[in-house]
Every structure is written in structure tokens, then in C-alpha cells.
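Quick heads-up: the C-alpha cells below are two forms of one chain, split into structure 1 and structure 2.
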Structure 1
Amino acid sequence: MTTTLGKYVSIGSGYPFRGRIEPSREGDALVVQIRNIDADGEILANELTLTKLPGKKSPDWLLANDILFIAKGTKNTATLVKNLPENTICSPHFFRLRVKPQHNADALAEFICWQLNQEPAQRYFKVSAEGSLQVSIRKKVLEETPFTLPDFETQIKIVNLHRCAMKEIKTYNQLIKNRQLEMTAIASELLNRLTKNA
């Protein structure tokens, strides 16, 4: 049955930084920014910015199984939070999604994240984005994202299939990269031989 995303998750905004996020060795928070999300949708934990939080707003620290949704720009994808330090927040370019307590037993965060990155949801975001210079997705639009929640067992199966597919993609990409390095080495060696014999 199709319903809407807002039925299953609470949606909060990223920390309201004003202007540039300044790095600080004496900082008290790590910040996830869009540049910290790699091509596979993983958070690059080692590249987060340590900063001192401005203002008095109490930070909404990220928790395992939160979902970060990129709300600003043309690429509106979702990323699952895993294994981040406790004092980590996200920048205001994200919405932070968290499964509502009453749905912890029937809604898997990883499945929700997967569904947001699939073609039907992506098509919805594309036609719902607003703005001319910088497009963005409003919170209300995200809450009303058409959403399907199968039984828990089916969610687990889909998530496992997705993990296998991602693992295969990474393996193939690494093989392609290795082959390209091999061909570059062959080309360099050949060129060196030709130069010596000239």
C-alpha cells in the first residue's frame, strides 16, 4: 500500500550555521557536509570538519540509522548514518530523518534510505524541487513523498540485495581501475623504450 514518508519518519533540519563552517582544533562537534558523501552514498567519516558550534542552539546529534537527505541542489539523495562519533551533526543542506518510535518494529531505516534513492522517488523530487538559482526540496514536499512499506522480512531481503549489488559495483570498479593503471604502466614503458631507441 502506498502512503507518504512522513507517516514513518520525523524530519529535522541540519544545524543552522550562518556562513562558512570554520574548522577548529578546539571544536566540540564534527559536521557532515555534502562534500563528505562519496559517489556510493557513504559518509567519509575521516573527512568531517571539527568545528566550534556558534550560538546557543542545542545540537541534534546524529544517531546510527538516521538518514541524511540532501535538500539543496539538484542531487537529492539519501545516506544512512553508520558508525559516526557521538558529537556529529549535519550541515543545513540536509534534512535529518529518523524512524518514529512507534514504527521501529516495522520500518527499517536502511530500506527507507534505499527507497528514497530509487527512480520513482527521484522523479518525484525532480518535479517537486523549487527555486531558480538554487533548487531545493521543502520539508513538506519530503514528508509527502509517496512511499511503500512492505512487511519487515521483505524490507530485509531488499536491503540485502542492495548491499550485494553495491559490493559487486565496488569490486568491478576496482577491477576497472586496476586495469586502467596496468594499461597506463604499459603505455609509459613503451614510450620510454621508444624514446631510448630514438
Structure 2
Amino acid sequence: MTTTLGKYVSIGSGYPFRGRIEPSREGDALVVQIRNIDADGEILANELTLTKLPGKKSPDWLLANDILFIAKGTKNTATLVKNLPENTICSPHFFRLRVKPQHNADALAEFICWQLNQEPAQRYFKVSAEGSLQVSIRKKVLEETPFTLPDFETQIKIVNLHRCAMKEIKTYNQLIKNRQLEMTAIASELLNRLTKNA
């Protein structure tokens, strides 16, 4: 049954930074920025910026199983928050998606994240992105993303399949690297042998 994303998740904005996020050693919050997300959609937890928040109000810290959605720019992908430090927030370029309490039992965050990164949702974002200098997805548009929620069992299976597929990509990349290493080794050995003989 196709419904919309807004039915299952609540959508919040990133922390409203004005201008540049200044790093500070005495900072009280870690910030996830778009550049902290690698090509595989993983958050690089070690590279987050520590900064001092100007406001007095305690921000809405990220929780495990939140989904970060890149709203600004042409690459609108979703990333699952796994284990980040407690005092982490995200920059305003993201929307923070959180499964609504009444759906905790039947909606898997990882599955939602997966579906947002698949072709049908991506095509929807492509046609809905607006802006002159930089395109972005509005909150309303994100809420209305067409969405299907199968039963919980199926969600788990798909998520598992997805995890395997990601691992497969990684393994293939390692294989390519492995071959390159082999070539380098052969090349330098050849050169060494020749110089010795010369």
C-alpha cells in the first residue's frame, strides 16, 4: 500500500547555524556536515567538527536510528545514525527524520533509509528539487514522498539483503585494490632486477 513518508516519521531541521561553523576545542557539540558523509553513505564519526553552540536552549541531539536526509544540493540521500556520541547535532543542510512513536513497532528506520536511497524516491526528489542558486528539498516535499511499508519481516529481509549488497561492493573494491597492489609489486620488482643486472 503506497502512502507518504510523513505518515511514519516526524521531520525536524538541522541546528540553525548562521554562516560558517567555527571549530572550537572547548566546544560542547559535535556537528555532522555533508562532507562528513562518505561515498557509501556512512557518517565519518571521527571527522565531526567540535563547536560551541551560541544558543542557551539545549539542542535536539541526534539519537540512534535517526535518519539524516541531505536536503540541499543535487545529491539527496539518506543516512542512518548508528552510534554517535550523545552530544551530536546536524547542520541545517539536513533534515532529521525520526520514526513516530506509534510506528516504533512496525517501521524499521534502516528500511526507511534504504527506500529513500532507491531509484523511485530519488527520481521523486530530482523532479521536486527547487531553487535558483542551489536546489533543495522543502520539508513539505519530503513529507509527501511516496512510500511503501511492507510487514516487519519483509523489512528485515530487505535490510539484510541491502547490508550484504553493501558488503559485496566493499569486497569487490578490495579486490580491485588487491590487483593494483600486485601490479605495483611486480613493476617495482622488475625495475629492481633490471638495475641490479645493469
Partner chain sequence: MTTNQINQDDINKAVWNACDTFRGVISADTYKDFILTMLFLKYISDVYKDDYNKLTEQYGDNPELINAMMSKQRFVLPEGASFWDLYEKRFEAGNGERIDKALHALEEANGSKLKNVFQDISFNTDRLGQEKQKNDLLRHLLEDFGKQMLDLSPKRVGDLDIIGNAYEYLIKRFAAGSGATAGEYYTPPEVSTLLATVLEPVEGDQICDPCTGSGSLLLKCGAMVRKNSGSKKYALFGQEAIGSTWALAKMNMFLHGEDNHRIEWGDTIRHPQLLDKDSTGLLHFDVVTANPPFSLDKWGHDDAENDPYGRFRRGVPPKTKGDYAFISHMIETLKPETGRMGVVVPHGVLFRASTEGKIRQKLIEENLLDTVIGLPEKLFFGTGIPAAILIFKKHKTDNNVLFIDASREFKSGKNQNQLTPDNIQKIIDTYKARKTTDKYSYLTSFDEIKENDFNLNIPRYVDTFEEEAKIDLVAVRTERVQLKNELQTLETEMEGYLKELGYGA
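Here the rigid core means the biggest group of C-alpha atoms that line up within 1.5 Å when the two forms are laid on top of each other. Please read these numbers as outputs of a predicted model, since none were measured by experiment. Structure 1 provides the reference sequence; residues are numbered from 1 along it.
Between the two isolated copies of the chain, the second is the form predicted together with its partner chain.
The two forms, fitted on the rigid core, differ between structure 1 and structure 2 by 2 Å or more at the CA of residue 57.
A displacement of 2 angstroms or greater separates the C-alpha positions of residue 182 between structure 1 and structure 2, with the rigid core held in common. Once the core of the two forms is superposed, the Cα of residue 191 has moved 5.9 Å between structure 1 and structure 2.
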